[in-house]
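Just one chain is shown here, as structure tokens, and it is the form predicted on its own.
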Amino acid sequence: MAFEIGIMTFGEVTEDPTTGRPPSPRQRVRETIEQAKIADEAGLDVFGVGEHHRSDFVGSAPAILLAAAAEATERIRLTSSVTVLGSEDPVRVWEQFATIDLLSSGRAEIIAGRGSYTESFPLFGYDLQDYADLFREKLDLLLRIREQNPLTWSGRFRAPLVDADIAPRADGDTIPIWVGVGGSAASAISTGRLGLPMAMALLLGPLTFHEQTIELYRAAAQKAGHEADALPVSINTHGYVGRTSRQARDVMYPYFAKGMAENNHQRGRGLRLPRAAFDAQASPGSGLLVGSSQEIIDKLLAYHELYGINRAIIQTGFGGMPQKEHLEAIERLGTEVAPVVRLEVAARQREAA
């Protein structure tokens, strides 16, 4: 299984810490499509857009942004990161991503998650007390839609389907469906039982943060009869690839700190991150992927050795980093980091075979 490297964005609309001015939503949307185009040209494997339903993000309709990205790219896979499935209609999710799949000649996929931001639930009329049950039922329906058409199905939270013709279908055999997991033991176990790929999110913390997550996931998959070691796993975290270690940290820090303070769950009352704490999170034993190309290579290989992952998706530019610096990091990731990591992982796999 080849190692894949990609980028993702939530399209934050954040005040620039140097000018005090935020970008316009139109600017941020256009920049998002340009990021996908440069990532594709640089040889990256995955481009993701996450879902938030607030005015300080432009990603309330990721499927539309990914459809635009499909027309601007040729090879890169296009994924949600994540689709907040509990407050979505799985029928509509399938229709949207199957359409992206047709536009992109089979490059669409879905990362479905419970959602750590919960503003979409009251917005669309759902009770947060049903948070876990909504996700379980809707994931079941989404998987059933993928497997068969027409479909008869009934559940608790939506009207039943009787011989429903759900179209379009995928361009190829299927659309990959991953589950986003933030560290919840129950989420890891249920994802393993289903035999679905797992996308592990790591905001801040040590490199080893997800050791138990991986153990529970693979144990549950094995117990359910799946080939646990063959299931795709990714790490999704923040990062920036600079010319040097110092330059990368100097560029990323003010924007990342601003985003953590302003775009967090409670708007304007998020995490205050001093520079020393940020630098500690960028150290070899911590999870952030920020530094020179060689540092990013070393940390991705450390992630691979620790977890056996075969994908990394990096949220570059968080907090409204200027597009010039953002695109430079994407190009370095694709041209300087990804080829080396792919070759080294392939060599490790040959040795282990």
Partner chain sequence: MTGAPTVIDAERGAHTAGAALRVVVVNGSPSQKSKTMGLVEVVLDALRTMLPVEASQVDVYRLGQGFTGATERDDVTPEIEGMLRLAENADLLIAATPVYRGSYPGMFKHFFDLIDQYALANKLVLLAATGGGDHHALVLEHALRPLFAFFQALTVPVAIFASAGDFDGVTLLNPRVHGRIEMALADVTDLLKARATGAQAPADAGTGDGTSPSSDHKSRGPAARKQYDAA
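Positions refer to the first chain, counted from 1. These numbers were taken from a predicted model, which means no experiment stands behind them.
The next section is about a form of this same protein that is not shown, the form predicted together with the partner chain.
- Among heavy atoms of residue 190, some come within 4.5 Å of the partner chain in the predicted bound form.
- Using a 4.5 angstroms threshold between heavy atoms, residue 216 counts as touching the partner chain in the predicted bound form.
- Contact between residue 185 and the partner chain in the predicted bound form is found at the 4.5 Å heavy atom cutoff.
- Within this chain, residue 136 lines the site of the partner chain in the predicted bound form, having a heavy atom no more than 4.5 Å away.
- You can rule out all but one of 128-136, 230-238, 163-171, 84-92: in the predicted bound form, only 128-136 has residues with a heavy atom within 4.5 Å of the partner chain.
- The contact with the partner chain in the predicted bound form, taken as any heavy atom within 4.5 Å, belongs to 212 out of 152, 212, 105, 148.
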